[in-house]
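Consider the single chain below, provided in structure tokens and representing the form predicted alone.
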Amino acid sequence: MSLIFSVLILGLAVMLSWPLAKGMIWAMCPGGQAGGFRQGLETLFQKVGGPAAVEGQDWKAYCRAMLLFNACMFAVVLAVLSLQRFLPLNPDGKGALEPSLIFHTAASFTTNTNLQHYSGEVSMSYFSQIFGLMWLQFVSAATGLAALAALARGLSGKTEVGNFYRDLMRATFLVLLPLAVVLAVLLVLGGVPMTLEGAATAQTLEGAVQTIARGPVAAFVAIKQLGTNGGGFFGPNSAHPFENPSFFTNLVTCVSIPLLPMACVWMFGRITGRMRHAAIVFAVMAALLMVKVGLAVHFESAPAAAFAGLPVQVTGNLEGKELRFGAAAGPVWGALTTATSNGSVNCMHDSLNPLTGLVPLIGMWLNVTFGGVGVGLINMFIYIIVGVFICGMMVGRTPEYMGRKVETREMKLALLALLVHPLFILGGTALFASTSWGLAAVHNPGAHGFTEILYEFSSAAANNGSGFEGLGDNTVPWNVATGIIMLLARFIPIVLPLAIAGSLAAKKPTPETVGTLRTDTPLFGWVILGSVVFIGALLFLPVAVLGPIAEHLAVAGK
């Protein structure tokens, strides 16, 4: 049954990604042939955006516009959260938030991370949820999609990579909003609440009074899944029956998690005019995803250590799971949500078996298995450049990618982009694991407690947002440290690849010869796969041994 469930989810996502990519091209790159309704939309976007949305931008101007807009987004949501108690749509009277939590939340949603150190139904008003956090879930995802479109244009040889503001509006209103409306309707039909009324009051059979939180949940959940945001309206996220009430909603949301990241690969191929190359990249990503899903389901089929030797052990590990969906739904979701930068959960990752818990960590460490909307392929681009360079050096030729020579400048930028990710994860983990900032927050001893710290920094650096939990992480040190990491880890890996694309676009094309490494063959697929696996292992295997692998060996030895 678990195999059928996994194949159904992945198969539906792959099939839907192809036509969706065609629609994304229509939205993001209409070209000179756009006319009628589509041309009218372009004219409207230019009028709304003003002169800033008209002129073409090179990669530097594009990055400046992106950073400026995101800084404004951050400031606006800081203000919304700070003034929450004075703003409308607050029927339950939500009060002020602690300042470091405001900073952390604004940084988290601005960066498409949605790492939450709060419970939404307890802390946030409807105004904050809709006009602060949900708005950011749209525009942060649109930022990633716009950045990928700009990267693809640069790699196709254009020094003018587009206009960020126009791309942002295209991505928001022509891609994300229509998809979110469709998914929200499906979720409402599946039983997800959608209301602006305050919390409901009910009387239990025992005569007690119960307050039941609710709100515009369907709209929030739709964009959190499609935009690889992952932030939950409720504290338990998609394990909450109001966010995920049935097998139907679980299936629909599972499919929506990798859908846009998959379509981004095909969109990249169409913009660059290299669909065979895109197919190779897609195959590598799909292979990695299938392996991770398979391993997660396999490892979680073993019982939790606490039930070893008891009759219940034959059912697999049901600790921390939503029993309506069975033991397999949790690890499948966990693999999907960390292969992309989604971060939503439908089970407690802290309760996963040790090796199952390693699978989400690997997804965030590699951060290229489809990844977040737009940025997943941007991260894979760095591994592609490194792989091309290594192969070129092995055969004694100047490496080339898409007809341009990859030289010292591009490799310096690629290596910097590659190394900042483990620096944030390993540096943050080392600091907090060796000081009272981390030790005071850990509620579990030994390797498991270390894994909780490691997972939190992995989630922040990968802009994922899922939590291993078990941490008392709503403190000033945790909020500030992970907030800063989320901001840096979001924009450095976008700006540096755009700089590489700009550098390549400025070079003269090099004709392909018999000695050119082709990027549209199965051999190149093995090159990419090897680059990802071996570089990832060199960077993260030691810390994996200290955490989940050590815990597995300790449990197995009992």
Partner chain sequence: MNRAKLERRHARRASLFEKSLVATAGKQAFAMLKPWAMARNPVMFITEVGALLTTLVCVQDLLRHREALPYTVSVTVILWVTVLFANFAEALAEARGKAQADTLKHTRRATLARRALAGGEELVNSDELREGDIVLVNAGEIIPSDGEVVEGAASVDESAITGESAPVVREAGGDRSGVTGGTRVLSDQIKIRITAGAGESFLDRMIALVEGAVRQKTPNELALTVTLAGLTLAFLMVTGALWPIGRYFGVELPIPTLIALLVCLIPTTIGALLAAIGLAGMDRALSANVLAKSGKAVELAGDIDTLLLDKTGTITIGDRQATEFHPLPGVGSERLAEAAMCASFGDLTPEGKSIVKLGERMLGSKAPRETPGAKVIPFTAQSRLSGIDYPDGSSFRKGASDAMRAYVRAQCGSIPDALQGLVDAVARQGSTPIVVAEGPSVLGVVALSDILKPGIQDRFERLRAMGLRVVMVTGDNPLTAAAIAGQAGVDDFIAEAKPEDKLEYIRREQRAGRLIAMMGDGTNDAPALAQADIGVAMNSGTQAAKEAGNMVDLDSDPTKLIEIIEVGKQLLMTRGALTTFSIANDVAKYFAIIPAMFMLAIPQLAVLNVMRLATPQSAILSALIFNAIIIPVLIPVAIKGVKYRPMGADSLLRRNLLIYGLGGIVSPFFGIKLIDMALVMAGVV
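Numbering follows the first chain given and starts at 1. Just so it is clear, the structure is predicted and the values come from calculations on it, not from any experiment.
Another form exists, predicted in complex with the partner chain; not displayed. Remarks below refer to it.
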Select from the listed residues G449, G162, P477, P245 the one whose heavy atoms reach within 4.5 Å of the partner chain in the predicted complex.
G449
Though the partner chain is not shown, can you say which of P216, P422, G294, P354 has a heavy atom within 4.5 Å of it in the predicted complex?
P422
So, G483 and the partner chain: in the predicted complex, are they within 4.5 Å at any heavy atom pair?
no
M393 within 4.5 Å of the partner chain in the predicted complex, heavy atoms
yes
Report whether the minimum heavy atom distance between L529 and the partner chain in the predicted complex is within 4.5 Å.
no
Partner contact for T513 in the predicted complex: the partner chain, 4.5 angstroms, heavy atom
yes
In the predicted complex, do P399, K405 and L539 all put a heavy atom within 4.5 Å of the partner chain?
yes
Among 80-88, 194-202, 117-125, 384-392, the region lying within 4.5 Å of the partner chain in the predicted complex by heavy atom distance:
384-392
